[in-house]
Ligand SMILES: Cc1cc2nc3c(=O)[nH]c(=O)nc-3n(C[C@H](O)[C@H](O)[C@H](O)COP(=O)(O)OP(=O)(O)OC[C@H]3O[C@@H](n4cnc5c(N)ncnc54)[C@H](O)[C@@H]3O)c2cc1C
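Presented below, as structure tokens, is a lone chain in the form predicted alone.
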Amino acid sequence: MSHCDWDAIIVGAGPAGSALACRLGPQRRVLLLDRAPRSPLALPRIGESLPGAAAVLLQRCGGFERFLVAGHVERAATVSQWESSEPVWFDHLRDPNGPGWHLDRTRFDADLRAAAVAAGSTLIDVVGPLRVLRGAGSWRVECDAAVSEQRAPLLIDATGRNAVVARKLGIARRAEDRLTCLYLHLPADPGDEDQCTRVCVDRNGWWYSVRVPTGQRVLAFHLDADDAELRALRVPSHLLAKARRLPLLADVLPVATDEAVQVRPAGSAVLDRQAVARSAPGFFAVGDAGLAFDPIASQGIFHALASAESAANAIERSDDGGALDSRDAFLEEMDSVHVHYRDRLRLTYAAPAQYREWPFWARRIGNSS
């Protein structure tokens, strides 16, 4: 088989992979492998937000101007019932970095991919399985979408929670909890003018609801995968009825819906750092592939961009003859991020004192296994 040589092969063209391709593309030959394009009939992505601090990262990717005209909606206030039964309001305008945005995820991902191509990266849509090998001092990737074998000294897993490349290399991924998200997209309602993000606790989990740039309203409930109520809540009327028990949500939710409830894993997960360190040189994992955040942290997309920036900086330091191996420096930084995140997460879940003895909450503050 013939082969093509690259400086870096990035598998996954979501926010992390595309952002890294934007950073590396101007100086290197970068191949960005993406899954087949999403069908127009595919289910919409769950609503996600980006803090104002991400503006600097988008500027470094060269995609900030494109981002500003894309129709993402500036975040309004967050109102929560977390530490007490009384609603607490936080206006994001008080954030020194700016209020941030609610994302149109389909547009956001497409724009970052376009920015990566504009920066010089080559994008190939992958259909079928990948084959990843190591030999002759380089990584070798084969896929049905490319006739030639692809080779590079750098291989980056940016495939999200599936961590496809890491799994192919036998690198373990540790799930830190059993959090599952049930969510549905309610049709746009012209009478729904509420722009707030609403967050509240329940005995066996926590809720949020917000309008996304499409005009739809997302309703999401996070609970444990082994919760006896999970199966019943997959029925839309049951999920909606449970949410409407809470006044903070009842104010903005309809009485009934025919929309289907979607399910996805949402818990914290991290690659085995020692296994990554033992793998062949030049392998990195960025975004959710390396460290997946609990949604309550509201840091998933920001971490995707920030970890891509960290990987790019480590690679550049290695090129400049830095003292530390590029991957060692990157792994040490991700370790620090993980420790800080876990400390903050435990404090967050310990805050609703009224539910501390319930299994969902006790597990997350160390009172139960």
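Residue indices: 1-based, along the sequence shown. Remember, predicted model here, so these are calculated numbers, not experimental data.
Same protein, other form: the form predicted together with this ligand, not shown, and the subject of what follows.
message: Taking 4.5 angstroms as the heavy atom distance cut-off, pick the stretch from 77-85, 285-293, 242-250, 170-178 that is near this ligand in the predicted bound form.
response: After filtering at 4.5 Å, what remains is 285-293.
task: State yes only if every one of Ser49, Val126 and Gly300 has a non-hydrogen atom within 4.5 Å of this ligand in the predicted bound form; otherwise state no.
output: Verified in the predicted bound form; spot residues all in contact, yes.
Partner proximity in the predicted bound form: Ala277 to this ligand, non-hydrogen atom cutoff 4.5 Å: Ala277 lies outside the contact set for this ligand.
- request: Give a yes or no for Ala304: in the predicted bound form, does one of its heavy atoms lie within 4.5 Å of a heavy atom belonging to this ligand?
  value: Ala304 belongs to the contact set for this ligand.
task: Give a yes/no on whether Gly100 approaches this ligand to within 4.5 Å in the predicted bound form, heavy atoms considered.
output: No, Gly100 is distant from the partner.
task: Answer with yes or no whether Pro213 is in contact with this ligand in the predicted bound form, where contact means some heavy atom within 4.5 Å.
output: Contact check for Pro213: no, nothing within 4.5 Å of this ligand in the predicted bound form.
message: Please tell me which of Arg198, Arg105, Arg217, Arg140 lies within 4.5 Å of this ligand in the predicted bound form, judged by heavy atoms.
response: Of the listed residues, the single hit is Arg105.
query: Just one of His92, His185, Arg151, His222 has a heavy atom within 4.5 angstroms of this ligand in the predicted bound form, so which one?
result: In short, His222.
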